[in-house]
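Taking the form predicted on its own, here's one chain by itself in structure tokens.
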Amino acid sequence: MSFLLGKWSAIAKESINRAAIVAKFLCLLHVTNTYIFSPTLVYGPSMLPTLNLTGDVVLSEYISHRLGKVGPGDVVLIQSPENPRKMITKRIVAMEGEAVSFLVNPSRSDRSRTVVVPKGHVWIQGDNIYASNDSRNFGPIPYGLIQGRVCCRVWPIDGFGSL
């Protein structure tokens, strides 16, 4: 009888050890995906020709914006100021204190406007000015809405590389 009890005890210990390894792996995966980097599917016409209309998988990192290391030219993931459930991908054009000149409605007129970006805000625009809903429509966005910086495209494979 003690032989069977010892055998079951060894099996139980091995099961607990394996479950602990799986739990550690899942914790590491969660922390990596939430706080360091994760793949993100982005699609739509606003970032043409940089990103495809039908969708690209990009690798987004979540450390730079927390350290204040994003700037003009960076493509970023932003929580939409119009719909908080939606994430948008745009390029930072200007940081706080910088002046931005832009066409108010590029498809209808050549009228331009100049705005100074207020403290704690950034000016974002899509690369396709004719099909982008961005700071030209809703103004400068608070820096706190930036969720991550896009590092590189990982899919489709022929477009693999940094942006």
Partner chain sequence: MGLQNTIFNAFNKSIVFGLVGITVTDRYAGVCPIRGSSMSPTFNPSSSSSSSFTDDYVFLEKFCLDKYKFSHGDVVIFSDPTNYKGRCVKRIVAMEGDYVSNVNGATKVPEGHCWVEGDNSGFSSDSRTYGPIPLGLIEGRVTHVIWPPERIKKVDRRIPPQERLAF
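As the structure is a computational prediction, the values presented were derived from the model and not from experiment. Positions refer to the first chain, counted from 1.
Omitted from view is the form predicted in complex with the partner chain, to which the following refers.
Residue-level contact is defined here as any heavy atom of the residue lying within 4.5 Å of the partner chain in the predicted complex; does K13 satisfy this criterion? Because no heavy atom of K13 falls inside 4.5 Å of the partner chain in the predicted complex, the answer is no.
How about H121 - does it come within 4.5 Å of the partner chain in the predicted complex, if we only consider non-hydrogen atoms? H121: contacts the partner chain in the predicted complex.
Is there a non-hydrogen atom of H30 within 4.5 angstroms of a non-hydrogen atom of the partner chain in the predicted complex? H30: contacts the partner chain in the predicted complex.
Is R108 close enough to the partner chain in the predicted complex to count, meaning some heavy atom within 4.5 Å? No, R108 sits far enough from the partner chain in the predicted complex that none of its heavy atoms falls within 4.5 Å.
Quick one: of Y35, F102, Y43, Y130, which gets a non-hydrogen atom within 4.5 angstroms of the partner chain in the predicted complex? Comparing distances to the partner chain in the predicted complex, the residue within 4.5 Å is Y35.
Looking in the predicted complex, is the partner chain within 4.5 angstroms of a heavy atom from every one of H65, E82 and G144? Yes, the whole candidate spot contacts the partner chain.
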